[in-house]
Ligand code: GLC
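The chain below stands alone and is given as structure tokens, in the form predicted alone.
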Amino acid sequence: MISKRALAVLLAGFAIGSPLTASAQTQLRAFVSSQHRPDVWRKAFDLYEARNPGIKVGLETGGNTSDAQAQYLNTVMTAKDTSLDVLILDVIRPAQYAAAGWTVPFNEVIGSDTAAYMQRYLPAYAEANTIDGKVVALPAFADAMFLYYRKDLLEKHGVNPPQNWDELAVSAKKILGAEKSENLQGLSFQGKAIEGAVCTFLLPYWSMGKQLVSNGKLSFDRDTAVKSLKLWKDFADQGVAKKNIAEVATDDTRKEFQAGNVVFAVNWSYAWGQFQGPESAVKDKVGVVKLPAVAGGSSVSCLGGWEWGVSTYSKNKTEAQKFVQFLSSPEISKFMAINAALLPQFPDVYADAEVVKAVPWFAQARAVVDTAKSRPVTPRYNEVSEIVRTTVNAVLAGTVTPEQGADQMEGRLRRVLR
């Protein structure tokens, strides 16, 4: 809930442009994913309307997954629909939408020094939203993958949070052996052929110091790809993960961990709030740390997060861009952190005393976000994602070996990224 004090501070603390004086109101409509607290975004919209009496902002929600949202927005944009002005986009989408001509750059409303403007954000988001010198979207909030673990079970069995995947396997087997529960899994991660499976592949691949795409060109390392695919398949074969891990999607992992049936889980930041809810079996029993590295490698997370874009087909582009600047400001970042537990896109907000008091685990989250890498930034990302996710799924389902999967992935990627 918004406190009266927070409302007063925000109303006094941020002004963007001059309120419209025209008698006719400008109508804007923004799309927000239904999984990312549209109820709290509505309150942020209300704040903007209060400062800009000539503007009314409508809210449209939809899509519980990145793929579902993209499918809907792709249909809207393909139809050149003018009904949506502002779009919330998965961090993997700005380059695609800009290349398709579906969004407009912010350079004019930002001014001459766009580099300085974007430097306020965490570096990964400045990079993801800047394409060939054009700022094609502005960050809405940050996200990254974390390793969640059962604090109570690790303490009970004298186990420390793992530093690498080998340690995780040893610890999981120890706990599973001692607990002797048929319902308990050692590790849950995303094996279904969804966007999360792209991150599943990339986490150990990146940890070994390799890139999939460099400067728009494929930089595939077959041996590293085999090791990455084999690492996940071994978890299933050894009983650390369940046998049907190829069927597990992002929210399946969240639900299973929340029900108390998982020791370690790889998931995004949204899961934390669910784990602490009144219906959670693991409330106050959850720890969070950086993702394990491959032995000898470095801890790497997969960058998530969401960006605000303005539709090319909007009838009020400039006003929509000003509205997005407001939504992407430090003040609203703080507001959403406190009221919706959405990770800030600004480094300083993580250390804000009010934010840390409201969401204590954010003090640990910053270190994880700093390890996050962007999935390949390319206009052909949809094809790249399809190739990686289906290969990961096939390996986990046992229809191809890690070696065969790596060969197939490389061949298909070379046809897309020449």
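From 1 onward, residues are counted along the sequence shown. Rigid core: the largest C-alpha set superposing within 1.5 Å between the two forms. Computed from a prediction, not measured in an experiment: that's the story for all the values here.
Keep in mind that the form predicted together with ligand GLC is missing from the display, and what follows is about it.
Residue stretch of 172-180, 298-306, 282-290, 255-263 approaching ligand GLC in the predicted complex, non-hydrogen atom distance within 4.5 Å: Of the stretches listed, the one contacting the partner is 298-306.
Contact residue in the predicted complex, chosen from 380, 43, 36, 29 - any heavy atom within 4.5 Å of ligand GLC: Only one listed residue qualifies here, and that residue is 36.
Option touching ligand GLC, based on a heavy atom within 4.5 Å in the predicted complex, out of 167, 331, 90, 221: Flagged contact: 90.
Contact flag, residue 250 vs ligand GLC in the predicted complex, heavy atom cut 4.5 Å: It does: once ligand GLC is placed as it appears in the predicted complex, residue 250 has a heavy atom within 4.5 Å of it.
Contact flag, residue 143 vs ligand GLC in the predicted complex, heavy atom cut 4.5 Å: Yes - in the predicted complex, heavy atoms of residue 143 and ligand GLC come within 4.5 Å of each other.
Contact label in the predicted complex: residue 195 to ligand GLC, heavy atom within 4.5 Å: Yes, contact at 4.5 Å.
4.5 Å heavy atom contact, residue 393 and ligand GLC in the predicted complex: No, residue 393 sits far enough from ligand GLC in the predicted complex that none of its heavy atoms falls within 4.5 Å.
In the predicted complex: members of 314-350 within 4.5 Å of ligand GLC, any heavy atom: The stretch 314-350, when checked against ligand GLC in the predicted complex, contributes no residue at the 4.5 Å heavy-atom cut-off.
CA of residue 264, rigid core aligned, shift of 2 Å or more between the shown form and the other one: Comparing forms between the shown form and the other one, the residue 264 CA shifts below 2 Å.
Core-aligned CA displacement of residue 199 at least 2 Å between the shown form and the other one: Stays below the 2 Å threshold, so no.
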